[in-house]
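Just the one chain here, laid out as structure tokens, in the form predicted alone.
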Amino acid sequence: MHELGVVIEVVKTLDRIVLENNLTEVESIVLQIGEISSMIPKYIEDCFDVAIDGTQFEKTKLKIEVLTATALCRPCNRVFKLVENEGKCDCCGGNDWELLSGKEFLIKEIVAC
């Protein structure tokens, strides 16, 4: 489960931000995860609970936003939802496309004081 290693790095990033900004508490963190990334949101949630147990972040809430995978159809130049349309353009039915989004794993927001 590679999610645990990734979540440990997220917690290290939180710790660094807290130290650099003289913060005392992190209320919440928002992660954005692309729907075709290698990260499974449920596993991230479970790993986060384990990673913050016994740390200063025990009360920190995790929020996850799943980002839709989108692609640009090369033949018709239309943007479409990749997973929803099973990898085929919903306009022309083509499968010659360029991935625009959906593989992200980002810290979007940290609410702290």
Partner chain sequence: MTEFKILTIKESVFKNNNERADLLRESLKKDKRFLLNLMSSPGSGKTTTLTQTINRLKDEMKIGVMEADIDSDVDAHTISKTGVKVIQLHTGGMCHLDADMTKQGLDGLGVDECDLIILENVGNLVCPAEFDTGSSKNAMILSVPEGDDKPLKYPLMFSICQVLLINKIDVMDVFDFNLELCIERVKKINPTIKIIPISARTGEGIDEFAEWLRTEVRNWKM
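Positions refer to the first chain, counted from 1. Since this is a predicted model, take the numbers as computed values, not measurements.
Form predicted in complex with its partner chain: not shown, discussed below.
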If you check in the predicted bound form, do I64, V66 and K88 all have a non-hydrogen atom within 4.5 Å of its partner chain?
no
I'd like to know if E27 sits close to its partner chain in the predicted bound form, meaning any non-hydrogen atom pair within 4.5 angstroms.
yes
Give a yes or no for N77: in the predicted bound form, does one of its heavy atoms lie within 4.5 Å of a heavy atom belonging to its partner chain?
no
Could you confirm whether T55 comes within 4.5 Å of its partner chain in the predicted bound form, counting heavy atoms only?
no
4.5 angstroms heavy atom contact with its partner chain in the predicted bound form for E9:
yes
Considering only 12 to 42, what residues come within 4.5 Å of its partner chain in the predicted bound form, judged by heavy atoms?
K12, T13, R16, I17, N21, L23, E25, E27, Q32, S37, S38, M39
